[in-house]
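Quick setup: one chain, the form predicted alone, written in structure tokens, and binding and motion questions come after.
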Amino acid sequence: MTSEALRKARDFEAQYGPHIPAQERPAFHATPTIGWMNDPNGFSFYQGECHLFYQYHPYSNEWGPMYWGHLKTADFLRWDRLPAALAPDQEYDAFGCFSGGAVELPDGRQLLMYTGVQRQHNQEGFLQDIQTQCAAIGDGVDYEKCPLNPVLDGTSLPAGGSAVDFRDPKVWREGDVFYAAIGNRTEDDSGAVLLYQSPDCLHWEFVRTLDRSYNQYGKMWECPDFFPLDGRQVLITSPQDMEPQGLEYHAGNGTLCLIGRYEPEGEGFVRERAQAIDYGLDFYAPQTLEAPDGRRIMIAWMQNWATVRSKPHHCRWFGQMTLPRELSVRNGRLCQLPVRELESRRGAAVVRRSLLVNGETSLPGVQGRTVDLTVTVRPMAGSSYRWFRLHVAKGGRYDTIIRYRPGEDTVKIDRTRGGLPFDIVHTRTFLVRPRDGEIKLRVILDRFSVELFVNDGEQAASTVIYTPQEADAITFEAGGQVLVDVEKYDLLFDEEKEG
């Protein structure tokens, strides 16, 4: 039965959401029906269709008591809006239905597993959140919260685990057993990921701690995911309160990928490599699914908690997801590329090989704000160059710059002139693999974002921009002489293409 709170939210989004013009949204990135969006939730296939839920506050463009919004897609690019799925309408989730996952049950129904939050005073009189794991079961549109809720609470934590920071279950099924990876804070005040198992998603038991921070990678580990990929086992999470480590991890809320092996009956997860997931300015809380064709696909909130007040005035929606990305492990490293479905949206190609760049130049037909652009840069024979800059979303006082320095093996994203007039971080620099001055940059532009994929996905970097759409120039600039290959496609999402 639909609660009054959920009915009101659905009525509100049905009344006001359709009035937001399509041109005020990204062309192919997921956005909320109306109001606020953060973490992706329940990214999964159900009865052959891809569903994406998300943290949602429909009534404003600010974070508020968390609902679950709901989208569906046939191609990871165009998103059908479904009614809100969950509302904070029970005692155990009165302060919010926080992040979680989804799984199809053997009887054909879909189960949503989420963190319910109660806010209460502790013994010292301070307000604190008590977080438990809850379940709702439905048919892909309507969901009924389980009478057993919460299905997992602090009594099932390992010694030293915190019931205040115990959230974000990612649930999956292996044969007849369901598993959930859940973030937690440990007795040393840092993060961990816990593994639970269940025969029915309603009765859970603790299996083991998959891995923990020991204060090396931030504090609380949020939004975990755990999956096999290309013969390795991957654990991803989003640590809070990270300290910077060189150019790999930045301060604040970050992302962490741990690659290793998993021995269920032995040592458990054995970490072999650690890396950041995305090196840009706006990326958090990634979640993955396994597609029916076997691809491991990831999506994330393309935003940063430190910059959420930097939004356009009077915007009726706020928050968007990254372009879904296909994952692989190459040379021990997590790699990611845009989903291949994007290629079906390409218009005519503009191709130029071995363009000599010395100073700044542009090319006829190379401009736009919904673009798939690949630029390969290499030095002239027998010479070197100091830097290369790719300018996008450029016009008047606006400009977003991707800069490569071959002598440092660094890439820098700079959105200082990207339309966000707020005192926030606008640049990020990261190391890339040395390639004797050659680099391959693939840039996906949507109306309000830039996503960069370096050297066939060895690294990715995402950033939000609010540059006016009229600023659509793309130019190439070099400190010295370079040869540049350019391959550019407009991405077509107009009504003619849809028809």
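For clarity, every value in this text was computed on a predicted model and none was experimentally measured. For every residue, the number given is its place in the sequence shown, counted from 1.
The form predicted together with ligand FRU exists for this protein as well; it is not shown, and the discussion that follows is about that form.
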Which of 164-172, 80-88, 339-347, 228-236 lines the interface with ligand FRU in the model of the complex (heavy atom within 4.5 Å): 164-172
Check all three, Q55, W63 and M66, heavy atom within 4.5 Å of ligand FRU in the model of the complex: yes
Going by a heavy atom distance of 4.5 Å, is Q459 a contact of ligand FRU in the model of the complex? no
I'd like to know if W305 sits close to ligand FRU in the model of the complex, meaning any non-hydrogen atom pair within 4.5 angstroms. yes
My question is simply whether A180 lines the interface with ligand FRU in the model of the complex - judged by any non-hydrogen atom within 4.5 Å. no
Is D372 close enough to ligand FRU in the model of the complex to count, meaning some heavy atom within 4.5 Å? no
Can you pick the one in Y284, F318, Y385, Y249 that has a heavy atom within 4.5 Å of ligand FRU in the model of the complex? Y284
The single option of S449, T31, N38, S44 touching ligand FRU in the model of the complex, heavy atom within 4.5 Å: N38
Heavy atom within 4.5 Å of ligand FRU in the model of the complex: which residues of 64-99 qualify? M66, F98, S99
